[in-house]
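Only one chain is shown below, in structure tokens, and it's the form predicted alone.
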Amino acid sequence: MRAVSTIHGRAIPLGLKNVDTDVIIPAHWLKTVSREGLGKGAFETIRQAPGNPFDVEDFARAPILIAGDNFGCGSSREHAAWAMLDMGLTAVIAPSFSDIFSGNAFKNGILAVELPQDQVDRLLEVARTDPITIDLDNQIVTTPFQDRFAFDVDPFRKRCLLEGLDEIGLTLASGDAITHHEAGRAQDLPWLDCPLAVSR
């Protein structure tokens, strides 16, 4: 997983409430187990509407999405996070998130930033013309107009995102401790390593 620290760039001003995972990636895109190529189907139904923000050239490959309340509700498809990553998104700002989406986003290296509605409204306004910066280390969102919005993040999730640690990376980071434990277990409980006798 790629480390996330400072995210700077244009932000797609979506602002819609209750965007569920079927909107993020429709069900007919779920026939694949590959993470690649899902960005083409991301937000497909919204993209079909004329004048949608995803078709604005200024927001091409924008790293940030600004959404409304209850983002990522609905089914627990991890493909939603995969599709967002594939289209270049590494952060979402919203007043609230579905717990399952928030977990899937974190496990795939997407930062979910919760801010009060009035601050989200301000960022939606700024995003139409200017870039936004998210500083994970200092837990603050800033704009070129001196806006400074602090956000909370779980310390464990913050560490994992800053260091680029997914579940496999976390396990490998404890490699020495695991090796030490296994050596001690083999010495203290040697019978656990004996093959089971099969009675016939």
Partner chain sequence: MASRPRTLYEKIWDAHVVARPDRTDSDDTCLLYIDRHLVHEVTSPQAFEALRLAGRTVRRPDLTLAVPDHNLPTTARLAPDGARLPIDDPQSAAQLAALERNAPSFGIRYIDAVAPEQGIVHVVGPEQGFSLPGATIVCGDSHTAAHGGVGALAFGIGTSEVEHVLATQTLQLRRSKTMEIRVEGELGPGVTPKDLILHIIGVIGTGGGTGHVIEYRGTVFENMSVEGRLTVCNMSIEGGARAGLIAPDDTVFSYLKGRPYAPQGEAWDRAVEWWRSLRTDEGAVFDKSVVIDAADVEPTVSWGTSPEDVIAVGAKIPSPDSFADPSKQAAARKSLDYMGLEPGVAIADVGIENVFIGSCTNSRIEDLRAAAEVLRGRKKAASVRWAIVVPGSGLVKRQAEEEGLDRVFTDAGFEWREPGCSACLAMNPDKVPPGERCASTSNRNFVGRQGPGARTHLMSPAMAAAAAVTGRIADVRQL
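What you see is a predicted model, and the numbers here were worked out from it, not measured in a lab. Residue numbers count along the first chain shown, from 1. Here, rigid core means the biggest group of C-alpha atoms that superpose within 1.5 Å across both forms.
One more form of this protein exists, namely the form predicted in complex with the partner chain; it is left out here, but the text below deals with it.
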Would you check whether the partner chain, in the model of the complex, lies within 4.5 angstroms of a non-hydrogen atom from each of 58, 143 and 147? no
So in the model of the complex, does residue 172 come within 4.5 Å of the partner chain, heavy atom to heavy atom? yes
Is there a heavy atom of residue 155 no more than 4.5 Å from a heavy atom of the partner chain in the model of the complex? yes
At the 4.5 Å heavy atom threshold, is residue 32 in contact with the partner chain in the model of the complex? yes
Evaluate residue 100 for contact with the partner chain in the model of the complex, applying a 4.5 angstroms cut-off between non-hydrogen atoms, and reply yes or no. yes
Heavy atom contacts to the partner chain in the model of the complex at 4.5 Å, residues of 9 to 31 in sequence order: 16, 17, 18, 20, 22, 27, 28, 30, 31
Would the C-alpha of residue 179 be classed as shifted by 2 Å or more between the shown form and the other one after rigid-core alignment? yes
